[in-house]
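The chain that follows stands alone, in the form predicted on its own, written as structure tokens.
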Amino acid sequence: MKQTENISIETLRSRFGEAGLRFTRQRETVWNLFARSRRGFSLVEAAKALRKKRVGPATVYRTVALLEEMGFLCRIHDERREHRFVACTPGHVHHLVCRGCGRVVEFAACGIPILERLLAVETGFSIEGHYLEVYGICSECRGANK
């Protein structure tokens, strides 16, 4: 269920071009690292993993920031409550995070707008959005613990 497999390099190149930026080989290397991962990477892990491919830490950090801003990477919290980034489909998505293996799965179903309306009425806030992560144990990890 890795929906980001449908995101082509041409799509990324086009989005970077629309922003007036080049989608360089190094940026493609950064994207590929995240796109192929089930659990994502912290910035430090990504920089370390890409050092051998001659992509410097500053390039990793800037590219991650751009990809996150464009909606192709999402920030999640791992089992230690530290930030990791995972490839995601741009738009309104949420994540299921396995506490065992760290696997991240996207889901779009969301009943939060009802809660947002209730909160707006009860508090007087003008609700602008939300962020949702759901944690649990995936079926593979549950099977391994039986």
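Values in this document were obtained by computation on a predicted structure and should not be read as measured data. Heads up: residue numbers just count along the shown sequence, starting at 1.
This next part talks about the form predicted in complex with the DNA, which is not shown.
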Can we say L21, T24 and A58 each have a non-hydrogen atom within 4.5 Å of the DNA in the predicted bound form? yes
My question is simply whether K48 lines the interface with the DNA in the predicted bound form - judged by any non-hydrogen atom within 4.5 Å. no
Since only the chain is shown here, I'm wondering whether I114 would be in contact with the DNA in the predicted bound form (any heavy atom pair within 4.5 Å). no
Does the DNA come within 4.5 Å of any heavy atom of R62 in the predicted bound form? yes
Please check if R54 has a heavy atom lying within 4.5 Å of any heavy atom of the DNA in the predicted bound form. yes
Only one of L43, C98, M70, V93 has a non-hydrogen atom within 4.5 angstroms of the DNA in the predicted bound form; which is it? L43
